[in-house]
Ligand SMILES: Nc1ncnc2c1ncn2[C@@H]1O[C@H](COP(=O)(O)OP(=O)(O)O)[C@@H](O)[C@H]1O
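Just one chain is shown here, as structure tokens, and it is the form predicted on its own.
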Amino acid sequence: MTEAYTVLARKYRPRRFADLVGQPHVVNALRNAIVTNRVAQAFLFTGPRGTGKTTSARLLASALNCARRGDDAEPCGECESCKDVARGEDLDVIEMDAASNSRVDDIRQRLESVDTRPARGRYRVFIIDEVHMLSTSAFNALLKTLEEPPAHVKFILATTNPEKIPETVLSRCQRYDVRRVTTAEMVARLGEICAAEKLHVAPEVLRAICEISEGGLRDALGRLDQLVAFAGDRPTLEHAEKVFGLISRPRLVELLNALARGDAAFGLRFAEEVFDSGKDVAEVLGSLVSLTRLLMLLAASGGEAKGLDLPADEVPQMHKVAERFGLHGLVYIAEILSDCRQRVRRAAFPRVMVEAALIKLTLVGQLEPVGVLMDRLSEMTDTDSLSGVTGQGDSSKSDAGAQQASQNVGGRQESAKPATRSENSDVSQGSKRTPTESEKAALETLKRKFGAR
């Protein structure tokens, strides 16, 4: 009988702190806590999906009960306790999925064994995954034990939504925020796994997989599994574009250059290509948003690519694109595309929405910063004020001219009655007048709101 296949995400799950990718702040804190014997009674790991929260919880449980733990607090990964924890079979490590066990009775059932001494290790460790799913009654049942557990008990909570956890629970835990893994770190890790699995995957393919995984290493490994199942051990970038509905970066850069030229027809053809090929529109828009973010950071840093997940050979071309839009234009593009991606999945006519967004982006070159517009408004206001004063001077001259014109050739003193000074002032100020105090105050408010000079 053929042995069951183990997916890459499970097969290469870290067994030591050193294997945990992209979380040095968490690793250092946990190591120091164990070495100095300052291990808290409760821990909370938060962060996006697939970044290592549950893995960190299991590593901590392994390190606490490892029979051959070294001076650096690393679990050996080879003793019976470490192996059982990795398989989820250790008697001293009780794992609970709060998503399917959210009731107060479920918590009470787990806590019945809290006074039981460890069977083999030093501690009984309770790992509660997706803890934010617990009901209010379940949190209340957990609260007292969480604050003052027996000396041999440790609690480790994990969640993607810490804002849903009561403050009373948060205050009793040491919180560690697990961050998204950078693209460079994920590419390096996937390269190591491909070498171990004898897979021949080009770096650009790995980068494409990692970019759409949005910082989740588990998602990247799952997509690598899917790609190898589709294309064999030598997948290409074309295979990745077919499987995941991707658009290559050169094609996206070509689109942005066309939008910078105001070429709306190119944008409409691009939208037609995406929809007719059956690609995931949200994924394509997500790739555009990610590319726009890189351009925005590049523009903000003055062309300095240090710290950006961008290959060195692509920096000059990307810098040119960023210069064509400018920082204000790139911010506008990012906002339009992000809003479009958020709404496109539930839109009645998604194609129309995408086409409208791309046409909007062709108008970016005609936009001007708010500060420039506010300066123009100030100049116009100053000009109107001066014109009002000039108009009043002209009206007095017109009064004198009207009095001279009252004498006709026949010597009669009859004439049309000249307009008074106040009437002439009203006429001149009707078209160009001095702004009132309230108008000046409103203008200053607008300047402060939009950061104009």
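When you see a residue number, it is the position in the sequence shown, counting from 1. Note that the structure is a prediction, hence the values are computed from the model and not measured.
As for the form predicted in complex with the named molecule, it is not shown, yet the points below apply to it.
Within 4.5 Å of the named molecule in the predicted complex, a heavy atom is found for all three of P14, D19 and G50. Heavy atoms within 4.5 Å of the named molecule in the predicted complex are found in one stretch of 163-171, 355-363, 133-141, 216-224, which is 216-224. Between the options V187, A322, V181, I127, the residue in contact with the named molecule in the predicted complex by a heavy atom within 4.5 angstroms is V181. At least one heavy atom of T54 is located within 4.5 Å of the named molecule in the predicted complex. Along 126-163, not one residue places a heavy atom within 4.5 Å of the named molecule in the predicted complex.
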